[in-house]
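Take a look at this single chain, the form predicted on its own, given in structure tokens.
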């Protein structure tokens, strides 16, 4: 049975832990608001760009581009967007569980985030490259990841490129999802659904005719890589908003659990202290009665 000194030490230790988790909760809360705002503000631009590009491709006739080349999938590249740090609940666990479902033999990984790279190395899968990105992702960081994936596809080292990331639904809900990136097939219109879900609806062939200057190939040849780059950029923002939200909730739960543990330990300490006092009183009374 623990002594009162042991319980006091444990209470002090838990209080110190609660202070740390509370501070981490406040930091994550501040970062969460910025990350959520960045992710939500990027969605209208992504949706509008998809609509414009869909209409332009449909009106360009028999336009073709190397990024749109469909071929038999013998090798698949996965852009795995994870976190650099832990302490964010089950976010990485759920994400890496999805990553483990892809075949080791036919899948190569492009990791954005240290946790994803550690998973690939631990499970002895093929790692093509590892990238890092900031708490507020920069477009240059997304462009570097996208450029590497495009080079793999254009060189024939990957026949398909998908993005596995955590989609931000709400502060309490983050969902791992796999989205196709390359080849760029029929451009899809992204409509913001309930809770931030993106529902993809394929556009029908446009009835309008467009005139391109200097030409459809030149215009769309510049627009398609930017489209792919921005898709990766938006996925990074969604993943970072999910990370900060999950970390804030995890630290809040840890702080609440620490406070409850302190209450339980304090109650146990008071009971033990009262039992010791009662025992001492009984010993004194018994000794006094024995002395007559």
Partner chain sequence: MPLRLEIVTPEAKIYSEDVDFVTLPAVEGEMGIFPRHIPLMTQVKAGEVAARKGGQEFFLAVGEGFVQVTGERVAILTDMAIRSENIDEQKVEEARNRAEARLKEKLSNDEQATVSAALAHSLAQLHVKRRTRR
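Model, not experiment: these values are computed from the prediction. Positions refer to the first chain, counted from 1. Basically, rigid core = biggest C-alpha set you can superpose within 1.5 Å across the two forms.
The following text describes the form predicted in complex with the partner chain, which does not appear among the structures shown.
Per the 4.5 Å heavy atom criterion, the partner chain in the model of the complex is contacted by stretch 35-43, the sole one of 251-259, 35-43, 65-73, 238-246. In terms of contact with the partner chain in the model of the complex, the residue from 135, 126, 84, 218 that brings a heavy atom within 4.5 Å is 218.
Using a 4.5 angstroms limit between non-hydrogen atoms, residue 30 is distant from the partner chain in the model of the complex. The partner chain in the model of the complex comes within 4.5 Å of a heavy atom belonging to residue 147. Among residues of the shown chain, residue 143 is one whose heavy atoms approach the partner chain to within 4.5 Å in the model of the complex. Although the partner is absent from this view, residue 211 contacts the partner chain in the model of the complex, with a non-hydrogen atom inside 4.5 angstroms. Shown here without the partner chain, the chain has only 151 in 149-173 lying with a heavy atom within 4.5 Å of that partner in the model of the complex.
With the core superposed, residue 228 shows a C-alpha displacement below 2 Å between the shown form and the other one.
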